[in-house]
Structure formats: structure tokens, C-alpha cells
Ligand code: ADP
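Only one chain comes next, encoded as C-alpha cells, the form predicted alone.
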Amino acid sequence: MDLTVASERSSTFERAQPANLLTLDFGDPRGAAADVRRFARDHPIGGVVGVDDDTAVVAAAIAADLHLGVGNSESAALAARDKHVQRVTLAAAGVPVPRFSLHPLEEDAAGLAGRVAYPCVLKPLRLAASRGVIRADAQAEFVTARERLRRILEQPEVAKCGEWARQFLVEEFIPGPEVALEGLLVAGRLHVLALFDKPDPLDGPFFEETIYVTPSRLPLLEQGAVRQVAQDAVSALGLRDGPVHAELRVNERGPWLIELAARPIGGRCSAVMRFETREAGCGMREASLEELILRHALGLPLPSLERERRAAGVMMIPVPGAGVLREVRGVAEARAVPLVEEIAITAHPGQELVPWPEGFRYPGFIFARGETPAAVEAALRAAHGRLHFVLEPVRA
């Protein structure tokens, strides 16, 4: 297939490859769709895929404008993107979600702190990767957390995004282990591609993720309940086609939907998933998550949606501290750990590393495969223990 990559920033190569590179205004989905309609007169479009929360909305507008047949409605994609709209929609449909309330950023923090129930979580409406998500257990912590979130939302690149950056959610903190569900929607039916355990507790005060391991070690009945809640959530939002990434917590009251996005898993993490498929004359081969998504978007036959039989995992390497990265030591030793397949250091020397909740970028990823989830988790931890990040303070 031929691929056109749309970006909101123009590329220096766009004039040389006008069929492969396209600049769109992601802040105006309808306008972007009109631009793509004009583009498609010379370069016919067979399918469209958004790769993050914002482009999922743009992709929905394009699919509708071009009558592609596979895609979500713009309203469903918008409901998935905005955490408050999503909460309202899911609660109205009876999907188990935390109790929540919406507040303007300028509301008196001390007064609000005296009215909310604890523990609670303060959360921006649209930032990704748990940026700005902070737990508070008492009134003083709430006031401090609100001030920290205010500073994040008032950063220029966030504040310019509009009304949502001047509001925030206060949610009930849901205890229990967290899982991540990666799925593919086909005509409204959710096909679960992988269910990941997150073995490190995500209890706050910040929520930087670390290890994902699949298959899940939850009891089968609980896994079935997680799948059902995710299906109920996508149905309530009106999502029908394409990738879905959901975060849920499980406790004695069952699964709770924490987040749901109409996009695939972020960063480099998709490499942890491989799917076995058989094609005529080719025998067995492996397919990537991206291949499944593109095949579905183009209306092509889908290979098996069954993940490989081996356990697999990825560690999003935690930010080791605030500072400027100078070097990473121990990479060769980490790669030598049995079951480890790849160490991908994505941060570069000279880059400033920013811890959560202000930060949202990981310095790298570790991938491993093995016979059991426990063995994969142990390999990820062992490899991480061999890495040493050399930082120097940020100059004022």
C-alpha cells in the first residue's frame, strides 16, 4: 500500500513528495477533512488512521467526509478524547467509573478542598500519559496539587489549546491493581488483542507507568468482566471501528473504567504485540499491531487476531530524575539479560528529563519475551537494574 503521513507541521520534503506528506490543521477537524478531500482528487484515499487522541478526531472527520465506510463518528471520537465528556457519557450508561466533578481552574482551591472526599485524584481533561494527574489524601495536599496542576495547564503550549485547559476533574481514587486493554473495534464489536497487567502499584501521588506484561494473571472470570466493561464503554461512547486502548482497575467491586482512548497504545509499546497468521503459500508468519489496524482501515481481510502464545512485556523506563541527560551506561549489560529482546533508548544526550507529573516522555523502553509473565517481568526488572542514567542539573 502507499502511505501518506499527515502532520500539523510541514516537512522540508513535502514539495519533493507531495503524495506522501501532507500538512493539516489538527485543531480544525472539518477543515482538515476538506483539505484531504481536495488532496484525494489526485491521490485517492482508501483508509485513515489516527495515532493519538487529537488525530483520532481528525481521522473520524476525514472518514465521514470521504465516505470511507470504516471509521468512527466525530462525536464519538470527541467523547473519547475529553475526559469529562467521557465520564458523563459512561456514567449515564451505567458503566462503572469513579465519582467525578468538573471545576474551573480559577475556583478557590482551599474552599474546594474542604468539600471533596478523600482520597481523590486531580486530572486535566485532555493531557496524555498521566501528565498532570495527581492524588491528594487531605486538604493541604489538594491545595498543593491544584497549584501544581494550574502551573502545568498555564504553560503556553497547553494554555493555547482552549477552554478545556482552564478546567480540571476531581475524581474518586479507585484502589486495586490496574490493567491495560488493547483492542480492535470491528463494526462495534470489541476484539481484545491483549490484556496487560501493570505489576507496579499505581497508587500515586503521581501516575508514571512502568511495566506492562501480557497475558494477564487475573482470574479468567475477572478478565471476562474487564472485557465486558470495555465493550460497554465503547458502545456507550458510540465507537464502532479502529483501535482502542483502555485502562481499568479491578477490586472487590469489580472492574472500573479509568480511561478509554480511540487510538492504539502509545509510544514504542506496540512492538510488544505480535500476532500469528497463516497466508496461502507463505505458511505461518508474524503480523504487527499496525498491520492489523491498517488492514481493518482499508477493509482488507484480517489475519488471526490471536496474539502469539509466549508471554511478552515492555518497561517504559522511569525517568530517573530531573536533569539534562549526558549518557546512559550499562545498555550492553541490560541487553545481555536472558529473555530481553531490545533496549530502546529514545532520549538523546543533551535532552532535559522531566519527572511526572510535569513530564510525559519516557527515556526509553525495554522489551522481553518468555514462557511466563513472571519470567518476563523478572527479566525487565533485571535489565532495568543494569542501566545507569548520568544526569547533570538544569542550568538556570
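Remember, it's a predicted structure, so these values are computed and weren't measured experimentally. Counting begins at 1, following the sequence as shown.
There is also a form predicted in complex with the ligand; it is not shown, and the following applies to it.
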ask   = Would you say all of 174, 207 and 259 touch the ligand in the model of the complex, counting a heavy atom within 4.5 Å as a touch?
value = yes
query = If we take heavy atoms and a 4.5 Å cut-off, which stretch out of 312-320, 187-195, 244-252, 291-299 is in contact with the ligand in the model of the complex?
reply = 244-252
query = Would residue 83 sit within 4.5 Å of the ligand in the model of the complex, counting heavy atoms only?
reply = yes
inquiry  = Residue-level contact is defined here as any heavy atom of the residue lying within 4.5 Å of the ligand in the model of the complex; does residue 98 satisfy this criterion?
reply    = yes
message = Is residue 123 part of the interface with the ligand in the model of the complex - any heavy atom within 4.5 Å?
response = yes
query = residue 130: heavy atom within 4.5 Å of the ligand in the model of the complex?
reply = yes
Contact residue in the model of the complex, chosen from 202, 90, 325, 109 - any heavy atom within 4.5 Å of the ligand = 202
